[in-house]
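Single chain ahead, by itself, as structure tokens, in the form predicted on its own.
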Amino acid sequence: MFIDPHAHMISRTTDDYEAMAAAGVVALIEPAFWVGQPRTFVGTYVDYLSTIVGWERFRAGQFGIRHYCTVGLNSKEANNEELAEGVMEWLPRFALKEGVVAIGEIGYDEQTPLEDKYFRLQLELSKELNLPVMVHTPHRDKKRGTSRSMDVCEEMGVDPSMVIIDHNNEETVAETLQRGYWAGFSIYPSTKMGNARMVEILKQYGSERIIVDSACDWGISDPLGVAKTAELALKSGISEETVRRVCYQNALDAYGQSGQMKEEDWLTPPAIDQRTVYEGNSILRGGRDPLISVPGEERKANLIIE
């Protein structure tokens, strides 16, 4: 069994859900994020958050995957102060919804004063609601941005054990772990972290507080990143226990602190019945026969590691 704790499924297809389920993904977390172009009205942000707490939760369930999410104002759009103020008014309401396991992904992009302001405000919200935090580390000037993110968390009095610092790489992992944070790694083709590089990090650092995710989104990315990394790690001599921790247990331990994510959610799942509708909508098209299955059925897929 695998958990993908960072997957932007609003950008993916039903084929992706089907492939993830076949590869052993039993649960995933969908963080609120930058959708590729600026949102110019608060209402579009509200509708987006409504989608990831509602429709995507339903859509994942139609393939036997438990769907959770994180809610937050992303760092890029924090630079639109009017939009940011409006989103901050809505966030507490969404943060209390079923299946929300953290505030995120939040942090820095260009490391501007506005990004800093709204990062701090959202850290304060996480403390008020006793929710974990998913931190997006910047693509540019990553090492400084990662250190600064942790500095701010500590200034705000957020316990490192409640914070997942995501998109780590070889430059940032040592400090992240030394300071007591969870270290997330995104297996994202050509950038962030590759399968083989991740295996080398596991050989060096082991499994304590390390979390593997795919960060699959609207770009060239792979929703099977977690499963493929697990397969390569095992072939490379990494122990089954290490693989289980970084591709499953650590994510459960980190985000389970929310009280919203429990192993029994997928160990004792409801039956899948694709005849079910959400707001009158079904995932089925063109007269396709619905999948109707009982809990516990095994699915397998052959994975190709790139």
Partner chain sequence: MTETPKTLLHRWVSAQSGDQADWLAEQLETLAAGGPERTLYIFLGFAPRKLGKADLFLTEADKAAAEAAHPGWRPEGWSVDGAARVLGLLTYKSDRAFVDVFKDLRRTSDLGEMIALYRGLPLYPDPESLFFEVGEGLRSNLKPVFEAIAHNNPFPRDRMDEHRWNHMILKALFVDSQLSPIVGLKDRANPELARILIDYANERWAAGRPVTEELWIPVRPFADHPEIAPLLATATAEGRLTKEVLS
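Worth saying up front: this structure is predicted, and the values here are computed from it rather than measured. Residue numbers count along the first chain shown, from 1.
Separately, the form predicted together with its partner chain exists; it is not shown, and the next lines address it.
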Check all three, F58, E98 and A271, heavy atom within 4.5 Å of its partner chain in the predicted complex: yes
4.5 Å heavy atom contact, Q260 and its partner chain in the predicted complex: yes
Heavy atom of L267 within 4.5 Å of its partner chain in the predicted complex: no
Contact test in the predicted complex: S50 vs its partner chain, heavy atoms, 4.5 Å: yes
Proximity of R244 to its partner chain in the predicted complex, heavy atoms at 4.5 Å: no
Stretch in contact, per heavy atom within 4.5 angstroms of its partner chain in the predicted complex, of 28 to 36, 248 to 256, 235 to 243, 275 to 283: 275 to 283
Of E128, E82, E155, D159, the one that lies within 4.5 Å of its partner chain in the predicted complex (heavy atoms): E128
Contact residue in the predicted complex, chosen from K117, R197, R93, K143 - any heavy atom within 4.5 Å of its partner chain: R93
Pairwise C-alpha change, Y278 versus H67, in the predicted complex against this form - closer or farther, 3 angstroms or more: closer
Cα-Cα shift for T51 and E279, closer or farther in the predicted complex, minimum 3 Å: farther
